[in-house]
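What follows is one chain in structure tokens, specifically the form predicted alone.
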Amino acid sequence: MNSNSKIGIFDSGLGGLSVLNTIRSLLPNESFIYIGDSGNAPYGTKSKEEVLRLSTAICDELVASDVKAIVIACNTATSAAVTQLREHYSIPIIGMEPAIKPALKQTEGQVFVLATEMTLKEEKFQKLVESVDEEHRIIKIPAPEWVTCVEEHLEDQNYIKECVSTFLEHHCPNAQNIVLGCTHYIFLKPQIEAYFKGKIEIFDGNMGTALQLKNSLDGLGLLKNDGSAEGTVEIRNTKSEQYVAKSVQLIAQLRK
């Protein structure tokens, strides 16, 4: 492992591609291996033990590929497994954190945090809320169906629109601030903004994770700073080659 080694990124499926895109914008010379575990999605309805097992298997694969750091581009896997993974591996393990702090700081009123059931109930999230939400402004809303919506129906814009609008109408029709606590949900931002007619603040943790990765690699002297050409991306997916192709297509769309 050295500064020319790749960075590993994994998610329960397609959602972490949005994190990959943010990291590439910050570290364009770096190369990446992305593993989407669409074959086992969603993670949010599984047990903590199962998510840890799946995450460990993926990290083993990435370490075998000689990556210099691993980004858990999944709030659920971070909540369930980041502590154990950091204890098990010697390379940096970077996780996700819902952007609660900037949402509370930059907005007023209630802040609606949409995430998977596991993310919202895990101790890591509870400690975060307790440390920053002194006025009890945070409203927690599980939205597990949105993961399936992205994994299986992202090409069907009418379905996506109906899925998002129906959920928001039932759970937070008058929200002014929303934190997207699952990387899959970021692909639904256009529909969320359309539902609220643009009159809403939406926060996600992607840039915070990207900055944490950069600082960690920089501190270890592992940043690739040779001014070389743009880095490469290798895509793997546990479900099918169709999902690899879908991932490549989504990356191209995000880069536009």
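All of these numbers come straight from a predicted model, not from anything done at the bench. Residue numbers run from 1 along the displayed sequence.
Another form, the form predicted together with a small molecule, is not on view; read the next lines as being about it.
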Answer option from Val82, Leu168, Val147, Ala103, heavy atom within 4.5 Å of the small molecule in the predicted complex | Val147
Verify the contact flag for Gly36: yes if a non-hydrogen atom of it lies within 4.5 Å of a non-hydrogen atom of the small molecule in the predicted complex, no if not.
-> no
Gly44 within 4.5 Å of the small molecule in the predicted complex, heavy atoms = yes
Answer among 158-166, 69-77, 131-139, 82-90 for heavy atoms within 4.5 Å of the small molecule in the predicted complex: the stretch 69-77
